[in-house]
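Before any questions on binding or motion, here is one chain by itself as structure tokens, the form predicted on its own.
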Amino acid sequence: MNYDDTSAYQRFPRSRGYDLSWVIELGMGPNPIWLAEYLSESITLEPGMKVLDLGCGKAASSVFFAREFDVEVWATDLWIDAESNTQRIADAGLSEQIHPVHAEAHSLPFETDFFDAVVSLDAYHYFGTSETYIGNVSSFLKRGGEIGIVVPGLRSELGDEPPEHLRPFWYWDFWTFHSPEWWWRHWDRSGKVQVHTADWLEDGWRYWMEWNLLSGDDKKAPDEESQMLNGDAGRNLGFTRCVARRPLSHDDEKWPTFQP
């Protein structure tokens, strides 16, 4: 499959400037450059901003944000060590602009009120579904700063069981997939952020499928994930985007902060 033949080629024009083999090598799931470009359409990124890329994997998204928007990025991940990301960042010529960090999402080594933006792609659902996490992570944002995520999601919430056609492929951790409405409510009711975007990437399942084909041309048969996506055909599975802003003052937050 040729990249030029995909619908994603038209949908994500910035991504055309990135070598396909490089993205495949650094990918750890759906194309991180496509997801980063989709997020960038709804979050403010301006030259000189300090950005936390939370769950950055092999730092492809960090390279994208630094190169496309001239921001300074803290590329933070638990599964990928900082030393290996240091080399990838150096190879991209961005050592002065991207700072690799090895950290767990619940033990971040940053000062409060430090970042202008927090971004997270194909990662936040692994650690951010608890009721308290958005309040904790948003504390690293400056007042007025934004947090934005793109994660595998559901068009609408399911019941206690997945649909019949998804059951053969359904892993227990897929219950971290949620709808735009779920993420909106989950963040908004905390009072710690003001949500302004919670939406669904149209044809997201198709782009996901195209990426599986592009990154797995040597496979003789469709992999399990592609079978799942093809069978679902966008009825349930795709990508959710959610973006929110930290209130400008404590008085703008919905609930008072607990004082022991």
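Every value quoted in this text rests on a predicted model; they were computed, and no experiment measured them. All residue numbers refer to positions in the sequence shown, first residue = 1.
One more form of this protein should be noted, the form predicted together with a small molecule, which is absent from this view; the next part is about it.
Checked against the small molecule in the model of the complex, the residues 123, 137, 117, 73 give one hit for a heavy atom within 4.5 Å, which is 123.
Contact annotation for residue 90: none of its heavy atoms lies within 4.5 Å of the small molecule in the model of the complex. At the 4.5 Å threshold, heavy atoms of residue 154 stay clear of the small molecule in the model of the complex, well away from it. At a distance threshold of 4.5 angstroms between non-hydrogen atoms, residue 43 is out of contact with the small molecule in the model of the complex.
When contacts are judged by a 4.5 Å heavy atom cut-off, residue 28 counts as touching the small molecule in the model of the complex. Only one of 92-100, 161-169, 75-83, 141-149 lies within 4.5 Å of the small molecule in the model of the complex by heavy atoms, and it is 75-83.
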